[in-house]
Ligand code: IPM
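Next up: just one chain, as structure tokens, the form predicted alone.
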Amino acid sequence: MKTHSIAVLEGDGIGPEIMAEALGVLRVVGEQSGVKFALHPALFGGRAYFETGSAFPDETKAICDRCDAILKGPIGLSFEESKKIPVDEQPERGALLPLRKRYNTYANFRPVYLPAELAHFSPLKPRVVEGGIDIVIIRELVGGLYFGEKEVGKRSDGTRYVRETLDYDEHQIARILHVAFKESMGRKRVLHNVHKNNVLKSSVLWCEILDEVAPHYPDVQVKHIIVDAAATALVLNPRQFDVMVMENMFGDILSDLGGGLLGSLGLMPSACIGTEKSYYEPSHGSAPDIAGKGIANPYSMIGSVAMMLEKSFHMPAEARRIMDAMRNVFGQGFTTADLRDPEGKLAPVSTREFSEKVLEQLRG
């Protein structure tokens, strides 16, 4: 029997709840496909800091190092809880960024996918989302402003200041562009390059490198769009986009806007692909305000399992079955608390009930 080892990082807030449901789906897939998934739980994020004094403990690093892939729940704490942790150990700085750096997970895939039969979840007018939304946002994940040098200090006159640098080199830019072009080749062969080269020198270099990479993919049509215009266009006409590629901070912001187009970040799984190891996570946060209430939408966590099966374990058929099962549950008239139901016709279900219905679809 083939075995895949997975580091399981539950995370904070609703993380343990939605992870439990995602692992239930994974177990059924394993039973049906004859593949064994060896699960290795480890602490990560705010809970890890409170229990060990580190948001990314050495034991967790060792587990992640040994495993074939990493399945990560959302991390983060409430504003008040965050203040109990030193700034550099807060989950995003002390755990998430070091995770990305350790495994060089430079390519972030965030599908913005809403099939036509689920378009009612979107807050946009029906004529805007008619036919559904199907976009892949590809974000460079280990460079730019988030990973540049940072300095905090006080000037001679007592004024406090902060300085953060945006750092990219041509190799970092070229490799993410190759990923985006290859993704485009398997889809509609239209690639939107999102930039800000009217202001930022980093975007000038980005576009220069794109001009050098593009001739390798003559069948892909490149369309250039400035990031603020892209934000507007995503709301006015999202169906014009297929694959979008951008630097780190632009991708962080626009992919969350993508969640808004769908009606919830609860509908956005993601894959963070590295040179040797990858991790998979929901695009949303840990939602500490609803933790323990059993109402969190597990779609993004279960969808992240599907992306792991496809991209790390080369099981695309199983991945598609999971996504189809979740779509069918919504298509049958069920909904979770985060999703829009303007006519009040849908039946609300809990976190557990949603995953149970997904399991029924898979077993059926």
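Fair warning: this is a prediction, and the values are worked out from it, not measured in the lab. Numbering starts at 1 and runs along the sequence shown.
Only in words, not in the display: the form predicted together with this ligand, which the text now covers.
| Just one of Phe121, Tyr146, Tyr217, Tyr106 has a heavy atom within 4.5 angstroms of this ligand in the predicted bound form, so which one? | For this set of options, the contacting one is Tyr146.
| Contact residue in the predicted bound form, chosen from Glu89, Glu183, Asp252, Asp134 - any heavy atom within 4.5 Å of this ligand | In short, Asp252.
| query | Taking 4.5 angstroms as the cut-off for heavy atoms, does Ile176 touch this ligand in the predicted bound form? | reply | Result no; Ile176 lies far from this ligand in the predicted bound form.
| Can any non-hydrogen atom of Leu114 be found within 4.5 angstroms of this ligand in the predicted bound form? | No, Leu114 stays farther than 4.5 Å from this ligand in the predicted bound form.
| query | Does Glu281 reach this ligand in the predicted bound form if we count a contact as any heavy atom within 4.5 Å? | reply | The answer is yes: Glu281 has a heavy atom within 4.5 Å of this ligand.
| message | I'd like to check something about His195: if you look in the predicted bound form, is any of its heavy atoms closer than or equal to 4.5 Å to a heavy atom of this ligand? | response | So His195 does not count as contacting this ligand.
| message | Given a 4.5 Å cut-off on heavy atoms, tell me which of 208-216, 90-98, 228-236, 186-194 is the interface stretch with this ligand in the predicted bound form. | response | Selected range: 90-98.
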